[in-house]
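Structure 1 and structure 2, given next as structure tokens, are two forms of the same protein chain, each shown alone.
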Structure 1
Amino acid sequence: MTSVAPSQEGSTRSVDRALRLLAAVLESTTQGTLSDLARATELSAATASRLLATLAQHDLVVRGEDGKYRSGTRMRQLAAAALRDNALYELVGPHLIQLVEETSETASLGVPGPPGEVLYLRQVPSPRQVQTAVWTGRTIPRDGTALGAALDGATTPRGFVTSQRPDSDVTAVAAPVLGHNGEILGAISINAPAYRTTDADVERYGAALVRHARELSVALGAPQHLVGPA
């Protein structure tokens, strides 16, 4: 068994802590202050301050005049570079805009996230005053959600799936998007407040999602026999 030198252990621990701090800043699960970030990552304020200063030197984070840490320019450049490699992310933008125009509800792209989760990769919000939250960059459980079911290929014969979690007042409808090998690359969805979503709305949203998912799948080179007729 290969032993790890104390200095290497210290370096690894520092990297781990810095990455946890960076994730806490980017995920916006705290108020973004030093004390909040230290508490969220279970670090002392002194350790968190030192590591955040190092991240700031590389422009991965920046501290605003209000004392809150946010993503730095270099972090945004890296994120943009990573997204450019995702063909689905590039193609889905106009489709999400059109879905919002057709439904007046929030349209989203979900992709596989960490095990058991779905990552909201891109969203266009509803223009209505009352709308569902925009969750770009966040994850939701794969089990029991429309996006999760669509990613698992568990759709109805009509090509879409609907869900309304017991702990949520949101109705979600989703359809999978296929790649050139027929694999499911992601899923697009409509999220709407349940109180204003009728069964007729669900059918209309589902039909629109299937149509846009088919167009996206064709653009990504999915086999015609899997995509179905136009």
Structure 2
Amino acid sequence: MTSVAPSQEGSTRSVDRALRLLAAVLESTTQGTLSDLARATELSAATASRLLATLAQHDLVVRGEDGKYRSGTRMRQLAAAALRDNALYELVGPHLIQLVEETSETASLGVPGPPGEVLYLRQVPSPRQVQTAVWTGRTIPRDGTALGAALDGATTPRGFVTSQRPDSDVTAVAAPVLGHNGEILGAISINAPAYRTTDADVERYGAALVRHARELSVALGAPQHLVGPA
């Protein structure tokens, strides 16, 4: 059973205790009854009972017929979310920097936002004086945008999608990033001022995006047959 350090400065004690119980459950490879957990965390049985009941109400833990506590459905949902979203955020950084070096244009990560919208989650700006704006934290429509189309999986056979709307002076190119079940987690894009973007530029940006999206997808565990050859 896990032995844990004493409570730390300035924390909320009851929350601290509950979190230690949660960790004891999740890391347990031995007996996991209420009594075991109370002893492991040096709490009274009464306190442990109440705190575990709170964790159980949130479905973070569940008690089996054998009286042992294990992770609950909600815990696994939050677990999957933690593993999925943070990995993408952290992994994408160096790729965006490199995309800017290769294209001299602004590079972005977009993820699903509120219904019908795409969120700019992370961006690296172009080094040029004239550049597309950095809108990190803002959303754009999902319809009619390159990021939106990439999130919908509506790419060409080469793996990227472009957008040049008549009412916009931005040319956007985007490619989706896949997770370990082959699901689309997000998309990376290059946004460039249309006045200096040729068709050859679009092809070049697209190829770079597909290459980086592929590397990211592989790093996130996407099945090889969905990612395609290197």
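The term rigid core refers to the most C-alpha atoms you can superpose between the two forms while keeping them within 1.5 Å. If you're wondering where the values come from, they're calculated on a predicted model, not measured in any experiment. By convention here, residues take numbers in order along the sequence of structure 1, the first being 1.
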| Quick one, which of these two is the form predicted alone? | 1
| message | Taking the rigid core as the reference frame, tell me whether R74 has a CA displacement of 2 angstroms or more between the two structures. | response | yes
| message | Would I188 count as moving between the two structures, using a Cα shift of 2 angstroms or more after superposing the core as the test? | response | no
| task | Using a superposition on the rigid core, decide whether the Cα position of V202 changes by 2 angstroms or more between the two structures. | result | no
| request: Let me know the CA shift of R63 between the two structures in Å, rounded to one decimal, core fitted. | output: 47.7
